[in-house]
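Let's start with one chain on its own, the form predicted alone, as structure tokens.
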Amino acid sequence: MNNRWLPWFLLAPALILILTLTIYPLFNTFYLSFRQYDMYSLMTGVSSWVGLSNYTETLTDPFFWTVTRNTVVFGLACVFGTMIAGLLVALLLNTKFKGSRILGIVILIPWVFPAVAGGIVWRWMFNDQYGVANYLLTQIGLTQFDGFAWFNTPWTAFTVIFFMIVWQSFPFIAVSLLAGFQTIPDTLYEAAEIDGANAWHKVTKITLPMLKPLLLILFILSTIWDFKIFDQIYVMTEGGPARGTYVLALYSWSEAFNSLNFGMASTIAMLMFVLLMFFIVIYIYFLREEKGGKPA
């Protein structure tokens, strides 16, 4: 075989797998978003072309913009909450103290929890009748939380889900940042100490700039994960009360499997994809590498 084609031959299995599992579903969802595709279409394979009507109907629906607002606000809150918690834990683990290795293992426990199991546990913890959260809050004097129904309003329900998401997501960020810390030469910190730098200066002038490429990847991954959260919200609230905790992933699922309108569900999924790409481009712009003191 010609050496020119050998690399492509070796890469072929991986490329076929990627095209099958990622590219095809994406293009098929894009295709369905322009069609009237319901249960009859699913059974017979017959569907009709509707052009941009699915997009027009979705974009003129006030509920879609309410759900989009919920997705953006809640998603960004989870991203920054997870990154801050992960950074603080990574800084703690990067300092040498007795028990740091055990703590490094303990923080991984939330990460290995299945999302559905974690959601059930947190729903139980915040139950208004027998939840341990209300019990502890009342024990420290916050008696207004006696029998408090956390899932009766969207604001309090989103608050509980936010803490659950951060609790389950921060270990990955902490471990990744800790690995990044290990790659920074100690000589940089020693030189900074000679110049009179304090702990804050070392973090902001050395640690964070050196970790900028890693932070970009972690921000992108967190954004993708947090903007398409479905399992935890479905388990804890099922979108309630009165669809107040709907996000785009749950809205798309509901259109597909409750309304059996797969065309509309595909449209919502594609709009969520565009929204994710928008935020990823913003992250890349602000966190990209600098060359010669100017953005690349």
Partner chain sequence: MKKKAGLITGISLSLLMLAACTDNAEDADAGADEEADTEETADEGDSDDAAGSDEEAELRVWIMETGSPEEAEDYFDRVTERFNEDYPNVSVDVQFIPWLSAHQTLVTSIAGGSAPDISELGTTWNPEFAAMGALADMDDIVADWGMEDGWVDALEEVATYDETLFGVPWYAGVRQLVYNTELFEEAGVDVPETYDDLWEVGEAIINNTDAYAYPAVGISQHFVLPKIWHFGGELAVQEENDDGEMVWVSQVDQPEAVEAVEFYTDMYKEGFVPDGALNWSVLDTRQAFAQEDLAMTIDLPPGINAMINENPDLEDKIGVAPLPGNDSNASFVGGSNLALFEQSQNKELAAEYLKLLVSDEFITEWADFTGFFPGTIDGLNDPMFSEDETLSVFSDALVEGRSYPASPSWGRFEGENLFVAPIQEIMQGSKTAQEAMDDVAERMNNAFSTE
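All figures in this text were calculated on a predicted structure; none of them were measured in a lab. Numbering follows the first chain given and starts at 1.
There is another form of the same protein, the form predicted together with its partner chain; it is not shown, and what comes next is about it.
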Options 46-54, 22-30, 64-72, 257-265; stretch whose heavy atom lies within 4.5 Å of its partner chain in the predicted bound form: 257-265
Examine A115 and determine whether its closest non-hydrogen atom to its partner chain in the predicted bound form is within 4.5 angstroms. no
Given that its partner chain is not shown alongside this chain, does T138 nevertheless sit within 4.5 Å of it in the predicted bound form, heavy atom to heavy atom? no
P154 near its partner chain in the predicted bound form, any heavy atom under 4.5 Å? yes
Is there a heavy atom of L59 no more than 4.5 Å from a heavy atom of its partner chain in the predicted bound form? no
Among A77, I220, A85, A149, just one has a heavy atom within 4.5 Å of its partner chain in the predicted bound form, namely A149
Residues W124, D128 and P241 all lining its partner chain in the predicted bound form, heavy atom within 4.5 Å: yes
